[in-house]
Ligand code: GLA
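A single chain, nothing else alongside it, follows as structure tokens in the form predicted on its own.
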């Protein structure tokens, strides 16, 4: 049954002894008193939905004016706004993301920072130098201004897609891979390690990370990073589908990642459900109960699962409706700030187990 989310038992407190409970936010939620109150009551960690991605930070006009072929100029307006809010309200932060083929402007990959359609690619070594400079600048800015606030960095995101046939299972439809090859992944982690503060962890993050073929490819890359001590954790995005999710397979993959000595984060959790009726939401509730039961089981077995982040605050903010082009009700809270059966299904699990 539904209830007022602002008066319901706190989700963050219920899981206080298990793992951090996080939410991805755009920042608009903070301008709505009800949503802000929901965030502060139920969540202990935040991830920026878009504000910390390269396209929101890189300033092309200022970069051109600077005239440096390697180093960009960054605008931290949105980053600082969100980090300042987190600091003021005792929220921890996952930084998402430093290196990603998507939402990185094309001019970053071109000679002279050109945005012309026929612009020439930057040479591979130049691109890797740009990557290193960007990582250094962003991490140094954040860590100097907000020391210790970020507990996890998504260093590289979605670089593995074995169906595309790239070397080591890499995604070929990526400017990073097309220009520099698979070495951009290791190079990114090497640079990030140089700028990590004590207590911060470096993550590789990806979706469908429990599908067997993709799991094998990701494990191959992670083994190489682990051998150099460059990676601390695996981010399993976990955009799941109500009628296709396989909790046992997901749990098996989580144990495989943990066997490398890595911390686990569920980084982008939602379960697509295209039915708002009682039967549909009851099925969603059971799916969440099964999934959170598996997460608590991993914790009981000593698997270092540290953080679970929902991709969105309420159904109204979920990206899935736009992405899937059909209405989705995938989260624990409705857009009316009411709890849903899925919330009821998970709130008492820590006490039960």
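Remember, it's a predicted structure, so these values are computed and weren't measured experimentally. Positions refer to the first chain, counted from 1.
What comes next is about the form predicted in complex with the named molecule, which does not appear here.
**Student:** With the named molecule left out of view, which of 174, 157, 104, 263 would have a heavy atom within 4.5 Å of it in the model of the complex?
**Tutor:** Comparing distances to the named molecule in the model of the complex, the residue within 4.5 Å is 157.
**Student:** Give me the residue from 315, 29, 49, 306 that has a heavy atom within 4.5 Å of the named molecule in the model of the complex.
**Tutor:** Result of the distance check: 49.
**Student:** Between the named molecule and 100, 239 and 268, in the model of the complex, does every residue show a non-hydrogen atom at 4.5 Å or closer?
**Tutor:** Contact check passed for all of 100, 239 and 268.
**Student:** Given a 4.5 Å cut-off on heavy atoms, tell me which of 245-253, 221-229, 157-165, 113-121 is the interface stretch with the named molecule in the model of the complex.
**Tutor:** Selected stretch: 157-165.
**Student:** Look up in the model of the complex whether residue 319 has a non-hydrogen atom within 4.5 angstroms of the named molecule, and give yes or no.
**Tutor:** Yes, residue 319 lies within 4.5 Å of the named molecule in the model of the complex.
**Student:** Would you check, heavy atoms only and a 4.5 Å threshold, whether residue 292 touches the named molecule in the model of the complex?
**Tutor:** Although the named molecule is absent here, residue 292 would stay clear of it in the model of the complex, with no heavy atoms inside 4.5 Å.
**Student:** Heavy atoms within 4.5 Å of the named molecule in the model of the complex: does residue 53 have any?
**Tutor:** Close contact exists here: in the model of the complex, residue 53 approaches the named molecule to within 4.5 Å, heavy atoms only.
**Student:** Contact between residue 311 and the named molecule in the model of the complex at 4.5 Å, heavy atoms?
**Tutor:** Residue 311: yes, in contact with the named molecule in the model of the complex.
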